[in-house]
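Encoded as structure tokens, the following chain is the form predicted alone, with no partner shown.
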Amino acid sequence: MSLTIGFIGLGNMGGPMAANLVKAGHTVNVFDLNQSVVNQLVEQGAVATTEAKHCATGVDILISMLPASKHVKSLYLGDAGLIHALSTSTLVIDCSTIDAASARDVGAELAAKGIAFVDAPVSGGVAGATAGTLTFIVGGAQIDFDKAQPVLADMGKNIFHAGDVGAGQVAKICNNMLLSILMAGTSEALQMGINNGLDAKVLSEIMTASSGRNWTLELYNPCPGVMATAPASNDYKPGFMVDLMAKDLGLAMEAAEQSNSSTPMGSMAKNLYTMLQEQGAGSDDFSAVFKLFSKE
């Protein structure tokens, strides 16, 4: 079924996501402060809007994909926020990765106005956004999840209902904390093997077929030259940036503190990614953590 969809935030992830909605046959109104990315989407069939409120007016579904909590709260709850412009017939889907408390705040304020909201952070990176194979982790009421699911399926392959509003954010940061730990551990093990005379590709094959097997070894190897399709073999061009992983780990540490959770491995991973940022590698792919263990 063709819908009218507003899409705000056309960055590295949002742009390809909006393009896939156009390809699926929807009418897609787009808005971003960067006019060049708006123009790119218009060339693919989207409809340009000059203000966020225009993008959000008269749409069945409004999707936002923004950098941080402050941007999401400002967009919806600010003095000129969309809470004052949205119709009660519009479902709001926020795909940004933000803290769960902010997602709940936005959801509660919109609900008080009769506007349905789900948080639906994504996993899969720019490649997944382009290919339409993203994973969406959704928090919200069942009725709103059911309405969102067909649209999310036009942009992704796996759609999970994690629980109430905010649950999508919690599940996302749990996943990314684990991913950062796996990437650091994989890098450490590979470099130890290299230091002891092993070939990194052979060692990767051994561990992939053994109990150390994990996603980073199998699909995203951090050692240059082992996997031609991985960012490590393309000078660590992202991909998923170190800065974004550090941001997500910061959110994870906030959630751990609020829930009195013990996360020593997550804390260590956060320190490693902060160290990478301090070394000027913030715009590298997060697999560049391998550099911290290399002797070169």
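The shown structure was predicted, so the numbers you read here are calculated from the model rather than taken from an experiment. All residue numbers are counted from 1 along the displayed sequence.
From this point on, the text means the form predicted together with nicotinamide-adenine-dinucleotide (NAD), which you will not see here.
A.B. asks: Just one of 203, 179, 115, 122 has a heavy atom within 4.5 angstroms of nicotinamide-adenine-dinucleotide (NAD) in the predicted complex, so which one?
C.D. replies: Exactly one listed residue reaches within 4.5 Å, namely 122.
A.B. asks: Between 61, 230, 244, 46, only one gets a heavy atom within 4.5 angstroms of nicotinamide-adenine-dinucleotide (NAD) in the predicted complex; which residue is that?
C.D. replies: Partner contact (heavy atom, 4.5 Å) among the options: 244.
A.B. asks: Tell me the stretch among 53-61, 230-238, 31-39, 264-272 that has any heavy atom within 4.5 angstroms of nicotinamide-adenine-dinucleotide (NAD) in the predicted complex.
C.D. replies: Stretch 31-39 is the one.
A.B. asks: Is there a heavy atom of residue 65 lying 4.5 Å or less from a heavy atom of nicotinamide-adenine-dinucleotide (NAD) in the predicted complex?
C.D. replies: Contact with nicotinamide-adenine-dinucleotide (NAD), yes.
A.B. asks: Taking nicotinamide-adenine-dinucleotide (NAD) as it sits in the predicted complex, is residue 97 in contact with it (heavy atom to heavy atom, 4.5 Å or less)?
C.D. replies: So residue 97 counts as contacting nicotinamide-adenine-dinucleotide (NAD).
A.B. asks: So in the predicted complex, does residue 126 come within 4.5 Å of nicotinamide-adenine-dinucleotide (NAD), heavy atom to heavy atom?
C.D. replies: Heavy-atom contact with nicotinamide-adenine-dinucleotide (NAD) at 4.5 Å: present for residue 126.
A.B. asks: Can any non-hydrogen atom of residue 282 be found within 4.5 angstroms of nicotinamide-adenine-dinucleotide (NAD) in the predicted complex?
C.D. replies: No, residue 282 stays farther than 4.5 Å from nicotinamide-adenine-dinucleotide (NAD) in the predicted complex.
A.B. asks: If we check nicotinamide-adenine-dinucleotide (NAD) in the predicted complex, which of the residues in 9-27 reach within 4.5 angstroms of it by a non-hydrogen atom?
C.D. replies: Counting only heavy atoms within 4.5 Å of nicotinamide-adenine-dinucleotide (NAD) in the predicted complex, the contacting residues of 9-27 are 9, 10, 11, 12, 13, 14.
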